[in-house]
Ligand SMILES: Cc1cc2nc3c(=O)[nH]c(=O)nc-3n(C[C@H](O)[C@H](O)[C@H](O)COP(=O)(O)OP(=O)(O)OC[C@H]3O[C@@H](n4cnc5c(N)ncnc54)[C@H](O)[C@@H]3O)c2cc1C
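Given as structure tokens, the chain that follows is alone and in the form predicted alone.
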């Protein structure tokens, strides 16, 4: 069976399963998925989408696997995230960078759902800048390693049997590059911390985890011991693509619910679906689906054909996918009115779950700064990739023209050169991402209205970013803080909440 045929077989299974075996609202309220979901998904191969068949997986390509994730996200974003975390953050680094022994030992149980996987890189002092992590990995005689440190927001954390941990190599006090290890969570010294009470994705766990002198044998090293960050960066790239794919499915669900509502809801002027205001919002959502579909198709097709994809394209995926999803989820709640505010409907959960996408694998703002920096200092491979798109030859010069205008803005008074550079790179990153959307649509097959919207969005964004980088939006934060304190006070609530500390008289230990 071809990968496409296998994926096509999974999609009706997921639709039927959602209709008869899922209650996403109940799982969200209880903050826990029913165990049969993991068991059933494991039996169907959803935990081994890209793992080779001889290791227990489905061996799907990127495009075929993406169609499964998109369908799952249209059903429940939390489920899509659990499966995505497991496949891309748990299995992905082992599949691509693991030793032969690690693959043989870990991939069969991971691919069949007998073990869950996750990734630990984020720390209290290292969120959007993973290069700042302080956890350390010390090489030991014989090729083993010792890991120390604490991680936060570990998806699938306390459920996972294998966690890919990234730490900074530490040799005799000298701090070097960042390397990864596949760590069993039952290893001596792994201390599972409390579950973190998150805004969304509440049916899956995210934990703190401490690593107290955890010994890791040589076969569990991921990639090079030199610590060039290659393993972590590649893992992030694939996860960013996954977010865009999942966002596409979730946006389609938002659009589907709005179509149903608009066709049935009557307002004083007549059917809501005949309102130009409503249809304008729905059209923007459907246009974003078209952009993301083309974006993900371009990237996954290249990956399946083993053609190089510039790193910048994954930043574009991370910027556009989550931002389009947030627009769709917010409009869903807004147009449903009071109904959209009721937890008995899907809209509030979609909104809460969608909010993580703008933060996960790097906040949008950080992604824009990095993309802008890469455009300014790039080798030209990204431009070549864009020139091969339908509208690349028309759009790339427009992107460069806009970026030159942004970079030429003078530094506002009181702003350091570094701060002004940060602001300009953020603006350039935003323009590049919007320019890619334009380039994807500039072909004869695109509806003229859709192409016109993309051009208009780019020009409007260009004007807005020139305004921002000029310093017109700067504030005196001290004065603003003092004014707010005088108007609403400086209140800090100190009344204790529930007592969840285990009683000392009942704890194990000496008498």
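Predicted model, so just to flag it, every value in this text is computed and none were measured. Numbering follows the first chain given and starts at 1.
Another form exists, predicted together with the ligand; not displayed. Remarks below refer to it.
Asker: Given that the ligand is left out here, which of 411, 198, 331, 293 has a heavy atom within 4.5 Å of it in the predicted bound form?
Answerer: For this set of options, the contacting one is 198.
Asker: Can you work out which of 155, 372, 322, 435 has a heavy atom no more than 4.5 Å from the ligand in the predicted bound form?
Answerer: Answer to the contact question: 155.
Asker: If we define contact as a non-hydrogen atom of the residue within 4.5 angstroms of the partner, is residue 189 a contact of the ligand in the predicted bound form?
Answerer: It does not: once the ligand is placed as it appears in the predicted bound form, residue 189 has no heavy atom within 4.5 Å of it.
Asker: Would residue 335 sit within 4.5 Å of the ligand in the predicted bound form, counting heavy atoms only?
Answerer: The answer is no: residue 335 has no heavy atom within 4.5 Å of the ligand.
Asker: How about residue 360 - does it come within 4.5 Å of the ligand in the predicted bound form, if we only consider non-hydrogen atoms?
Answerer: Contact with the ligand, yes.
Asker: Just checking whether residue 422 would be counted as a contact of the ligand in the predicted bound form - the rule being heavy atoms within 4.5 angstroms.
Answerer: It does: once the ligand is placed as it appears in the predicted bound form, residue 422 has a heavy atom within 4.5 Å of it.
Asker: Quick one: which of 123-131, 210-218, 92-100, 285-293 gets within 4.5 Å of the ligand in the predicted bound form, going by heavy atoms?
Answerer: So the stretch in question is 123-131.
Asker: At 4.5 Å, heavy atom to heavy atom, what parts of 365-394 sit next to the ligand in the predicted bound form? List them in sequence order, or say none.
Answerer: Result: 365, 366, 369.
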